[in-house]
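A single chain, nothing else alongside it, follows as C-alpha cells in the form predicted alone.
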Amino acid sequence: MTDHDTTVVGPIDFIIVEFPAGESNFNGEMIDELGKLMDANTIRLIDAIILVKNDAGAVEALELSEVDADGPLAALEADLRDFLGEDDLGNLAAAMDPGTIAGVLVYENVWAGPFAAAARRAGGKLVADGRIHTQDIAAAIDAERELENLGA
C-alpha cells in the first residue's frame, strides 16, 4: 500500500463469501464486479485467498494463482500484498462450515479515505463502526413483503 498517500487511507475491511458443496456457480460474474469496483476506485484490493474446509474441518489455503493459473484470478494476485497471516486464516476459517469453499477479500474502502482524512484533520476519531449484512437486509425486505401480502 505504498503506492498512494497513506494520510488518505480508507477503512480496511474483509469479507468471506462461503459456497456450500455443490452450490457454487462460478461464471466470472463475481470477478467482473470486483474489477468494476477496483476500476471505479471504490475499493483497493489488498489481499485475496481461497479457503477450502473439508468435511472433517481441516482447512487448506490456496493462492488465487493455484486456482486459476492463467486466468483473471491470477492476474488479480499480481498486485496483492501478503496481508493475511496463518493466525488470520485460522480465524477466518472458523466462520466456515465444514465441506465448503470460501473466497476471502481484504480491501480498502478508497471512497472513504478523503472523508476519514478530513475527520482526522478536524480532530475526530472513529469510536464505533458496524455493518448490516446483505442477507439480513434481504431477509428483512422479504419479511416486510410477506406481511404486506398477508394484510392485502
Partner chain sequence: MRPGRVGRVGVVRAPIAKAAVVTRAVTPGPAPVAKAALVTAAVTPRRRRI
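Nothing here was measured: the structure is a model prediction, and the numbers come from that model. Superpose the two forms; the largest set of C-alphas matching within 1.5 Å is the rigid core. Residue numbers count along the first chain shown, from 1.
Just so it is clear, the following notes concern the form predicted together with its partner chain, a form of the same protein that is not shown.
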### Summary
Checking Met38, Ala119, Met30, Ala95 against its partner chain in the predicted bound form, the residue with a non-hydrogen atom inside 4.5 angstroms turns out to be Ala95
### Message
Is Ala61 near its partner chain? Define near as a heavy atom within 4.5 Å, in the predicted bound form.
### Response
yes
### Query
Closest heavy atom of Glu108 to its partner chain in the predicted bound form, within 4.5 Å or not?
no
### Query
Hey, in the predicted bound form, is Ala143 touching its partner chain, heavy atoms inside 4.5 Å?
no
### Task
State yes or no: in the predicted bound form, is some non-hydrogen atom of Asp13 no more than 4.5 angstroms from a non-hydrogen atom of its partner chain?
no
### Query
So which bits of 135-151 sit within 4.5 Å of its partner chain in the predicted bound form, heavy atoms only?
Gln135, Asp136, Ile137, Ala138, Ile141, Asp142, Arg145
#### Entry: Threshold 2 Å Cα movement between this form and the one not shown for Asp142, core superposed
yes
### Query
C-alpha of Val17: shift of 2 angstroms or more between this form and the one not shown, rigid core aligned?
no
